[in-house]
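As C-alpha cells, one chain now follows by itself in the form predicted alone.
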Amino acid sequence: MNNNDSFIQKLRSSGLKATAQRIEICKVLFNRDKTFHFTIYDLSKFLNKKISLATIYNTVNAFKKKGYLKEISINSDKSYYDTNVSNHHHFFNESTNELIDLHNKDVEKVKIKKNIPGKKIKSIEVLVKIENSN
C-alpha cells in the first residue's frame, strides 16, 4: 500500500473526505521518520498558506479525536500537537517555543500521592519548561 492509500484511509476513518488539501496535510504530518511537534500556526506556515486555516483546524481536530495526534497544552492559549501518540514526556523551551521529546528512560517513576474521588489516573506525562541559559 502506498502512502496516499494510507493517508486516504486515515482521513476516511477520521470522518473526513480525502481531498488533495487534506492529503497534503497528511504528507506533512505522517510522511516522516521522526516525531513532529507543531502548532496550527506552524503547520499553516509549513504548508505555505495554500490550504485554508479552517481545513487545517478541522483535519487536525479530527485526527486528534481519532487518536492519530496528541494535543499538549502549554498554557491556556497555546497547544502543540504531536504525531507520537504514545505516553511520553516533553521539554518545552520557552525561549524558542520548541517542544522536545523527553524519553521515559530519562524520568524516574512519578508518584502521585493524592487521589480525586471518582477519578482514576489515565496517564502521567511530564512537561518540563526550560529556557536558554545565556
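For the two forms, the rigid core is made up of the largest set of C-alpha atoms that agree within 1.5 Å on superposition. Fair warning: this is a prediction, and the values are worked out from it, not measured in the lab. One-based numbering along the sequence shown.
A second form of this protein, the form predicted in complex with the DNA, is not displayed here; the remarks below concern that form.
- Each of Thr19, Ile40 and Lys78 is positioned with at least one heavy atom within 4.5 Å of the DNA in the predicted bound form.
- Remark: Val107 does not count among the residues lining the DNA in the predicted bound form, judged by a heavy atom distance of 4.5 Å or less.
- Contact check for Ile51: a non-hydrogen atom falls within 4.5 Å of the DNA in the predicted bound form.
- Among heavy atoms of Lys122, none comes within 4.5 Å of the DNA in the predicted bound form.
- Contact annotation: Arg12 falls within 4.5 Å of the DNA in the predicted bound form, judged by heavy atom distances.
- Note that among 82 to 90, 96 to 104, 26 to 34, 56 to 64, the stretch whose heavy atoms approach the DNA to within 4.5 Å in the predicted bound form is 56 to 64.
- For the stretch 109 to 134, the set of residues having any non-hydrogen atom within 4.5 angstroms of the DNA in the predicted bound form is empty.
- In this overlay on the rigid core, Leu11 has a C-alpha that sits 2 Å or more away from its partner position between the shown form and the other one.
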